[in-house]
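First comes one chain, alone, set out as structure tokens in the form predicted on its own.
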């Protein structure tokens, strides 16, 4: 320690900004006099649509409700509030969306504070230069990055580490609104700047970013207090119905990791080989032994999405055991017949069937034999434009409805449709096209804008 501070308290209100939390839990946390309120506001979990389209995946009213509690408490206690991956995916449209909500709350509740806004968008020409210099490499089995993929992406963000948030706080920001950020950094940047162990701070942040999910019973919609000390950290449940156990906390330390012992991130990785979990009174848990291994060549993860077409879906179910017994061959024939009918009109696209009750969740990875009395068939069509996606879905749905499969007894429709209209135009479809590491110092990408509210 180089500041004389021996304890630092971080209040995590909710797993994702907008998910909500009980007012009673939040008040218990405030009564403990936290030094920081931090919240993660995004994730890649909901898929590429939100990054590609620039739209949030959380409801505006829910986000505003959560932010009002957070901002007023931070203002009253005169402590910082840090928001990571604003708006869901952390691109400029998401950050601006969240920024406007903050400005509304400040005006409505007469709050005055300095806000640091950190955009995470990356210039495409910078990425292309890095490709030519051999400073990019793929993650998750993707191919090497090329200029064409960069140009097709609608939004590209870089996942910031500790530096940009520490810089925004150093500039006097009481509220930090960050674009795409490594999840633990919103919780860890301030205490690390004060001299606390980066390993413990990042490990605590890794758990706090999901709020009470690591407790038992777990919840992403409840508050947790993290107390960081020199040799360990404690997690404190703020609801009387929850407690932290060795199993629940250790399990969450394995969350979103390809290796149980190491967790890479911007600037280095956490080494969990020597971690100890000790259960404490009142449902608390004490965690120690985490180590941090610095990265020799700094890298930043890039995330980008590109539009691949438009989607239409239709949902139907059947209880006919004769149809269920041959559902795979029926769907394959329906697919062939439908595309044959559309060929003359030049309509092209893809057809996917998701059969719930058989393998709708696991698809080809499913190993269990089906024992369902009923199945739900989700028809999904994908085409270059919405008109063609709608046309394909319509033909597939009607062909399946009246297809005469072997052994069929009834001559009426084969499927039961829960909705009318049965076909739903689902709009634009995106894919993650960029999921690559970029060798670069994060100070060369992320810049802080200071705003006085």
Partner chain sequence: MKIKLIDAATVIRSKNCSPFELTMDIIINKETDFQNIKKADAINRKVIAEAYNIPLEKVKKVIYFDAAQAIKAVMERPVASGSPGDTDVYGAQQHAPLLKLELEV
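Note that the rigid core is defined as the largest set of C-alphas that superpose within 1.5 Å between two forms. If you're wondering where the values come from, they're calculated on a predicted model, not measured in any experiment. Positions refer to the first chain, counted from 1.
There is another form of this protein, the form predicted together with its partner chain, and it is not shown here; the text below is about that form.
With its partner chain left out of view, the stretch that reaches within 4.5 Å of it through heavy atoms in the predicted bound form is, among 321-329, 190-198, 135-143, 90-98, 135-143. When its partner chain is considered in the predicted bound form, only one residue from 30, 395, 44, 415 comes within 4.5 Å through any heavy atom, namely 44.
Only one of 260, 346, 294, 240 comes within 4.5 Å of its partner chain in the predicted bound form through a heavy atom, and that residue is 260. Residue contact check for residue 282: none of its heavy atoms lie within 4.5 Å of its partner chain in the predicted bound form. Remark: residue 217 does not count among the residues lining its partner chain in the predicted bound form, judged by a heavy atom distance of 4.5 Å or less. Within 4.5 Å of any heavy atom of its partner chain in the predicted bound form lies no heavy atom of residue 340.
In the predicted bound form, its partner chain stays beyond 4.5 Å of every heavy atom belonging to residue 166.
Contacts of stretch 343-362 with its partner chain in the predicted bound form, defined by any heavy atom lying within 4.5 Å, are made by 352, 354, 360, 361, 362, listed in sequence order. With the core superposed, residue 350 shows a C-alpha displacement below 2 Å between this form and the one not shown. With the core held fixed, residue 279 shows a CA shift of 2 Å or greater between this form and the one not shown.
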